[in-house]
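Encoded as structure tokens, the following chain is the form predicted on its own, with no partner shown.
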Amino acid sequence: MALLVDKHRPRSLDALSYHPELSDRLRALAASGDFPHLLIYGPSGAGKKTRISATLKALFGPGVEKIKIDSRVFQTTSNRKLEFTLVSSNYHLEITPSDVGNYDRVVIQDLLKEVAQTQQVDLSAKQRFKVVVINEADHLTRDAQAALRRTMEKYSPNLRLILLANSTSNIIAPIRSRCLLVRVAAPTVEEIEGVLKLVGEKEGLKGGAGLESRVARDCGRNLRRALLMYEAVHAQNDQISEKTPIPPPDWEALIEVIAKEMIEERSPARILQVRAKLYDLLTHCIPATTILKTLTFKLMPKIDDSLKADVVKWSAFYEHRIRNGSKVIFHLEAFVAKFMRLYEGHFMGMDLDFDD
């Protein structure tokens, strides 16, 4: 049984219910004879991948939806073997090079070169080039981005790149200058509410009681999260009323527990308990940066204003460490220990002031 977020994902640009001017622009690009490299950026849950899939369908037709999942093995200069998963059709390739960490340059160089050196084999295809979709382009290392720039220059007749990113700040200027930048803004609360009502009608779900409005307000303008929350409420309750609680995702509830434990006790034993929960989150594929960001937001209401600036500063510091390092648990645990030290020092300072 498919989730609502997958079952009701729009398959064409015409079916997209918000940002109509952006759909018109992508449709015009697909119909033109000169499709450019694209850099599509915006917050998580705004619908970037959905719009890319719809644009590819406008470019190549329904055949682009017939995809297969392959596993490839790449070999580094130090003879280390990297196993890498890619999604492909006859017309496009979708990859996430950041999955292999600092070896993403090897994937970029070998895979894109291989794709770019072969022309489109389907003579009935509307376009003569292939498209490579690169997820999490803002997580690519500088070396990988430099290799990507050379590929864009050398193989542009046979290859078009579509880069997906949350932000353009980590993408080097030469790549940005060679792409058409397309920003996909997060949908408004009203637009999310409209999508939830439409999905509810199609599924025959009894909404009402302001459920769609409440979910739209609580989801942080993330449409994917809104649909998951909406489905979870209906799965857990037979009758929906104004007092029906909207449960947070399991991983977010666990991070709330971690935040409470960090406040209640600051000790090596408590750090070990928190480490076990952090490992649990990581093994369930919750990104380390998401864990750190959510944990920081959960801690903010529980601490004094005088501490907030320092906590945010160290959170940013360890987020940078996570992106550059390989053992993310070390940096998450370091943030936990740093917070406990700051919190303990703050209370010791308060006690000293009281004694004086």
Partner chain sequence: MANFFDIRARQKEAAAAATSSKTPAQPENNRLQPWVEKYRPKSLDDVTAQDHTVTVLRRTLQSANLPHMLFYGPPGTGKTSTVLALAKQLYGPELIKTRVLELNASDERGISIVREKVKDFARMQLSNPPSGPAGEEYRKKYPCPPYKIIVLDEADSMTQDAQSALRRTMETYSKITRFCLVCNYVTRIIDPLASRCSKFRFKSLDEGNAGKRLEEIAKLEDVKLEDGVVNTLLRCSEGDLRKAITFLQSAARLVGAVQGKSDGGDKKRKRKTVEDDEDEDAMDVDGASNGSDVAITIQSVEEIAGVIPTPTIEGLITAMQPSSKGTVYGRVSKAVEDLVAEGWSASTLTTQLYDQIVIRDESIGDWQKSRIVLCFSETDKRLVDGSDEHLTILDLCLQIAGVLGQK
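Positions refer to the first chain, counted from 1. The structure presented is a predicted model; accordingly, all values stated were derived computationally and were not measured.
Just so it is clear, the following notes concern the form predicted in complex with its partner chain, a form of the same protein that is not shown.
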Handout entry: Segment that reaches its partner chain in the predicted bound form - one of 236-244, 263-271, 102-110, 87-95, heavy atoms within 4.5 Å
Key = 102-110
Practice task
Run the contact test on Leu29, Arg128 and Arg221 with a 4.5 Å heavy atom cut-off to its partner chain in the predicted bound form and return yes or no.
Solution key: yes
Handout entry: Non-hydrogen atom contact Phe330 with its partner chain in the predicted bound form at 4.5 angstroms
Key = no
Exercise for the section: Verify the contact flag for Lys302: yes if a non-hydrogen atom of it lies within 4.5 Å of a non-hydrogen atom of its partner chain in the predicted bound form, no if not. Expected result: no
Practice task
May I ask you to check whether Arg160 falls inside a 4.5 Å heavy atom distance of its partner chain in the predicted bound form?
Solution key: yes
Practice task
Answer for Arg323 alone: is it within 4.5 Å of its partner chain in the predicted bound form, judged on heavy atom distances?
Solution key: yes
Problem - Proximity to its partner chain in the predicted bound form, single hit among Leu82, Val199, Ala186, Ala232 (heavy atom within 4.5 Å) - result: Ala186
Completion exercise
Among Lys206, Arg142, Arg72, Lys277, just one has a heavy atom within 4.5 Å of its partner chain in the predicted bound form, namely Arg142
Problem - Within 302-331, the residues that have a heavy atom no more than 4.5 Å from its partner chain in the predicted bound form - result: Asp305, Lys308, Ala309, Val312, Lys313, Ser315, Ala316, Phe317, Glu319, His320, Arg323, Asn324
